[in-house]
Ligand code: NIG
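So this first bit is one chain, no partners, the form predicted alone, shown in structure tokens.
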């Protein structure tokens, strides 16, 4: 039996707490243990508690030790909204936006999502996997240990299946990857002006095919004026629900289109972005099991001023998660710590609320809550050691990577250069 003892953390954040997503004041309860240690056996957490108690356990005496003295230990981040297989960077869009064009103007000129279609369709699976593996490595070095990965840039059978297969191939190497089919991301050129026909094709052909091949756990749809309206989104999601897919929705990102109401009505696992959520939407989410996944990095990168109403969502009792929204067009960040900084400074979340949103609530958003998101007995030992004495320094030092060590399923998968370990 392989054992690991992470000992002497100045702050051990366990996120021990209620079984469901955290709401209200529970989002500020981190299960913090001063001078804490955690014992791991065969990749799973055995126990966590004060260092003196854990060190005196018989099982701890034969464990490999990792010294976390003076540092913060917390669960690995769960990035619950990414577009991992996105082809190439959209640098032309970036410069055009800097010059003053907005998202919709760029899309109408052939940029945006449409400019990612050709690379994803034309690049080989091997090349797409190589790029995605590189991005996974960067996520890992910033403390992320599980992600959700969407398709949505191929938008034909070959491109979408290729994208999903890449995500499936990378699952467990080393991150847990939950795959989502985002066929209804935009209308591809061959269906220009025929968005209803495209939805018909997805429902008749793609959803059954992906279900048979078990390539995705969830489906997602962009419900927005520039993509698909609420009627089309309903048809797509209802067809997916009939096949037992979990549901997700891009809602209220650029305008108010009724996506949140649809998400709650159909029991979606999450409604994402929510920049234009109104008071009625917030009340709906607070009374539902749908998690509000917020992506402040997209607002920052697009140069916009309006952020999702995180404070109102939290105060009304909605379950809130945070994600990078990583994609080549609107949020090309791989850093969850940077997302926490934006959540605190731009959306007025407390550091504790942000950590909860990026770990246990994010795990609930992708159905991994029984496996990860907190450091509790029986869960995977997915943890990160930060080279700071107080967890609040993680969002405080924006744009700085303070990760010292990453442990995934009880194995050290990243350690910063120059670090010396207790067992060396």
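On a predicted model such as this, the values are computed, not experimentally measured, just so you know. Numbering follows the first chain given and starts at 1.
This next part talks about the form predicted in complex with ligand NIG, which is not shown.
Contact annotation: ligand NIG lies within 4.5 Å of heavy atoms from the stretch 247 to 255 in the predicted complex, the single such stretch among 332 to 340, 139 to 147, 247 to 255, 200 to 208. With a 4.5 Å cutoff on heavy atoms, residue 327 counts as touching ligand NIG in the predicted complex. Not displayed here, ligand NIG is approached by residue 222 to within 4.5 Å at the level of heavy atoms in the predicted complex. In the predicted complex, no heavy atom of residue 181 sits within 4.5 Å of ligand NIG. Interface residue remark: residue 153 is counted as part of the site for ligand NIG in the predicted complex, having a heavy atom within 4.5 Å. Among 233, 113, 167, 73, the residue placing a heavy atom within 4.5 Å of ligand NIG in the predicted complex is 113. Scanning 336 to 371 for heavy atoms within 4.5 Å of ligand NIG in the predicted complex gives no residues at all.
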